[in-house]
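Just the one chain here, the form predicted on its own, laid out as structure tokens.
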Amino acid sequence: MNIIEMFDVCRSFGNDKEQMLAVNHLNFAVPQGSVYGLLGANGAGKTTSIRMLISHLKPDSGEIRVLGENPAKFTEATRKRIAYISENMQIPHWMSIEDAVGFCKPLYPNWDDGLLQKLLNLFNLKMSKRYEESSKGQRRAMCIILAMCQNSDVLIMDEPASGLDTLSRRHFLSEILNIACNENKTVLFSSHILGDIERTVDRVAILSQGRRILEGELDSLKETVKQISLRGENIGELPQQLFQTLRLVKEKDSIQWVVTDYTEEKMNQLYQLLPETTNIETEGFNLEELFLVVNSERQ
């Protein structure tokens, strides 16, 4: 069952004379109980996509479903099932954690006091700590605590770990995994810290210029996205119909071919179609390398 779905979604900004397409026919789906990562360089469409999911923006075209509903028509009950952390989220500066909890707790029927205490301990915070007296990392931790303790079915986060130190980030990501694995919650988050994504997510989508370039289970992408390096004086024309091509770089006597549907069976066919003098090597990618391949191709 998919908890979050985007079908052929477009969103542009600007006026009639000059339009910028921020999200370009975007499709992806987030299964229930998964941790899903959105990746992309600045301007790739991550924040715009997230803001449409939580109804802060409307798409120009396409269809969005979160918990089976169009975000523009969320019922109040559905809104309470979705927690959201924005990249620039703040709470009133005069508030302490105790004040903020006192404000939020009555609004969310599934509020988790046990998780509140656990997170306070993880982040080394006291209920009396005021927002205006806190460091950047502590302020971020406060916002994370308020969102996570809602105990919502869906947690949507835009750069949630920005400002956290390494240890706090590890604690936070570990808790995300606990929530998704043990309580069957669904988590979607964007991050520019690729190590966080790689350690945490089940599935990932890599966006570029508003489009989805790669999407799938992370382990599967590592198996199917490969670079095939070919060297030889008479390679000839590649049978490009054999693989789906992400990038193809030809030089005088070598070719770098990045494909997205690698299998051993297809490789055996490639060996049979090329001259025996061709030297062929294959190489896989980690998440950071996948990200760089996608974005280097589109600069």
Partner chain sequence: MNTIIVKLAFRESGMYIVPVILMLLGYVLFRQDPLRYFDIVVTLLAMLLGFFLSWRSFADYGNVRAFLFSRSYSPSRLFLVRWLFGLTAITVTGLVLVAMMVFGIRQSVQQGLFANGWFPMIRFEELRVLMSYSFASLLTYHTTLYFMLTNRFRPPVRLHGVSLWLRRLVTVFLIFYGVAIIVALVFLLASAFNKGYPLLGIPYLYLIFGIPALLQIIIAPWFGIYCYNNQEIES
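Here the structure is a predicted model, which means the values were calculated and not measured. Numbering follows the first chain given and starts at 1.
Unshown form predicted together with its partner chain; subsequent notes refer to it.
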property	result
Candidate site 57, 84 and 103: all three near its partner chain in the model of the complex by heavy atom within 4.5 Å	yes
Interface residue in the model of the complex among 199, 222, 192, 80, criterion: non-hydrogen atom within 4.5 angstroms of its partner chain	80
In the model of the complex, the one of 154, 119, 214, 89 near its partner chain [non-hydrogen atom within 4.5 angstroms]	89
Its partner chain contact at residue 150 in the model of the complex, heavy atom, 4.5 Å	yes
Partner contact for residue 76 in the model of the complex: its partner chain, 4.5 angstroms, heavy atom	yes
Heavy atom of residue 167 within 4.5 Å of its partner chain in the model of the complex	no
4.5 angstroms heavy atom contact with its partner chain in the model of the complex for residue 47	yes
Which of 62 to 70, 47 to 55, 237 to 245, 255 to 263 sits within 4.5 Å of its partner chain in the model of the complex, heavy atom basis	47 to 55
In the model of the complex: members of 107 to 141 within 4.5 Å of its partner chain, any heavy atom	107, 108
